[in-house]
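The chain below stands alone and is given in structure tokens; this is the form predicted on its own.
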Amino acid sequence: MTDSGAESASPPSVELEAIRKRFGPVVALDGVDLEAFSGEVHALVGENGAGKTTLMGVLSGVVRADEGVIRIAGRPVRLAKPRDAWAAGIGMVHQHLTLVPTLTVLENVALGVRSAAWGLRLPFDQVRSRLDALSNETGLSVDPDVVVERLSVGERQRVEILKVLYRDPRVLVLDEPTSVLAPQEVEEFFSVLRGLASEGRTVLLILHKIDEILAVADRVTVLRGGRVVHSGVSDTMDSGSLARLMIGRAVAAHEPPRPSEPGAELVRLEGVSARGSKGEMALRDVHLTVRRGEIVGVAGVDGNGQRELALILAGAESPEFGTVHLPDTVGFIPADRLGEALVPDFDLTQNVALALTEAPRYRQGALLRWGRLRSATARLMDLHGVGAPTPAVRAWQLSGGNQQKLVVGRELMRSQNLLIARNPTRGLDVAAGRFVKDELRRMSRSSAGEEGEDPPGVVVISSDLDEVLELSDRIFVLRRGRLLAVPEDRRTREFVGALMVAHAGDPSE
């Protein structure tokens, strides 16, 4: 880690003083103070809805504070729009990606650096050369000529990071940047961040995973309910004390998944191959069975066929080759909650109704029973801790973590036979992530339906290796479109992580 002792000899590079922000009835920030220094990696942590993303939105000019003062290198600044933040040397990689889907990677980066000096032309040759250099320096490689809409979520995040680094910011803000990286890639990425800080930059990170926070951060600021409850050096913290600061209580220890005898076969894929959005063969000769009462985990770095496998298992797409046998009802938690699961301008009840329109309990002929749907949404919010005052709040007004809680709760409601979950705890704080994992485990072990049928089956497709190892009865790795079975005696973080990034052979060989 970098040496944060310089803070006593120099003023903060970033100062946020008494920042307040409301979104309608929701108080996002309630008088927040924050100081960050050059040469340090500073983590901003807290529960979902604590105000982390909103505070960094204020710093990056995306959100305009209702009250408060911002100083950069000791000078007061007015950050009314992102261009003001760029002019002040601040760059942010957002949790919700901001690329133009129909343009190439090269064109997206070039748009971000265009200026009047270039007229109507964009500096493509210059951008390509610098982009290649940045990819080599950071290890965040991506094809500059591919159209963004053909990239996976993880690949798009890499482009966002490179686009921000291209402009060489003095203050770099990243919102959940590790959520799509394999364990080895996380450590490599942290090395990049430490290098950027050692050059005198200030690196501000929003993170949820406690081990990552303690591994990379020099200092930590904890938000709870829109207020700062702690700020200090990370060396004085351990995982237990940091968790208590984040959620205001200790996190209960969890039981490991207990062995169970799986029930009847629910899913069978035989020789399944499918093309991705780029026209490439994204899945190659995949064979998979899923039974009632088991959790099947599929680990892998995003962009190796996860999207195609999830959509086929959810019944949303058909393969090009092979056969697929699925149950009648399937719950689906997609990777992109705003793009695939929620309608941002709908209220929470309307978003829950999207998945329940065929359920007899919530219909009366051709009409929906909105009273029952509102009650069901209120119960879901209470059970899953969705941070909103009422079900009438619009989905876009929720934090990313609370949006994810809503999607997870909704899909659990309709998963009588099978649940497909892609990165189900991405963006969730430690307590919410624990709750979702416990719910997935409980659902796969308990009877479902009014007549006590065998429990449903669950498939967790995740780039979070720890999540897969913790939850799964059987584990596979999806790499370059091929599904590789992990033997029971090789279920280690080191082996599976290496297999994800092709540093180990196929264990079946």
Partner chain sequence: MLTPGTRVNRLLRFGGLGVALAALLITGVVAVGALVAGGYDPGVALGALVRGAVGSPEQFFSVTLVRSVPLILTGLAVALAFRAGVWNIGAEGQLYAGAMAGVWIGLAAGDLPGWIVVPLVLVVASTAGAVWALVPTLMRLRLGVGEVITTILMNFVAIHLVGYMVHGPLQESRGVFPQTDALAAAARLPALIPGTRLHVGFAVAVLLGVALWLVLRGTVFGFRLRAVGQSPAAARITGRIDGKRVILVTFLASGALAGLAGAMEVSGRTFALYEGLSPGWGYTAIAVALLAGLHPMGVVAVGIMFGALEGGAGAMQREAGIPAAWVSGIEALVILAVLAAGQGRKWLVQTRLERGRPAEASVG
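We call the rigid core whatever largest set of C-alpha positions still superposes within 1.5 Å between the two forms. These numbers were taken from a predicted model, which means no experiment stands behind them. Positions refer to the first chain, counted from 1.
In what follows, reference is made to the form predicted together with the partner chain, a form of this protein that is not presented.
A single residue from the set P144, P169, G387, P183 has any heavy atom within 4.5 angstroms of the partner chain in the predicted complex; that residue is G387.
Residue in contact with the partner chain in the predicted complex (any heavy atom within 4.5 Å), chosen from V229, L383, V233, A392: A392. Against the partner chain in the predicted complex, the set G276, N304 and R474 makes no contact: no member has a heavy atom within 4.5 Å. Not displayed here, the partner chain is kept clear of A215 by more than 4.5 Å at the level of heavy atoms in the predicted complex. In the predicted complex, at least one heavy atom of V330 sits within 4.5 Å of the partner chain. Interface residue remark: E155 is not counted as part of the site for the partner chain in the predicted complex, having no heavy atom within 4.5 Å.
At the 4.5 Å threshold, heavy atoms of A316 reach the partner chain in the predicted complex.
Comment: 398 to 406 is the region of 293 to 301, 398 to 406, 126 to 134, 171 to 179 lying near the partner chain in the predicted complex, near meaning a non-hydrogen atom within 4.5 Å. Applying a 4.5 Å heavy atom cutoff to the partner chain in the predicted complex picks out no residue from 428 to 444.
When two forms of a protein are overlaid on their rigid core, residues whose CA moves 2 Å or more are considered shifted, and R64 is one of them between this form and the one not shown.
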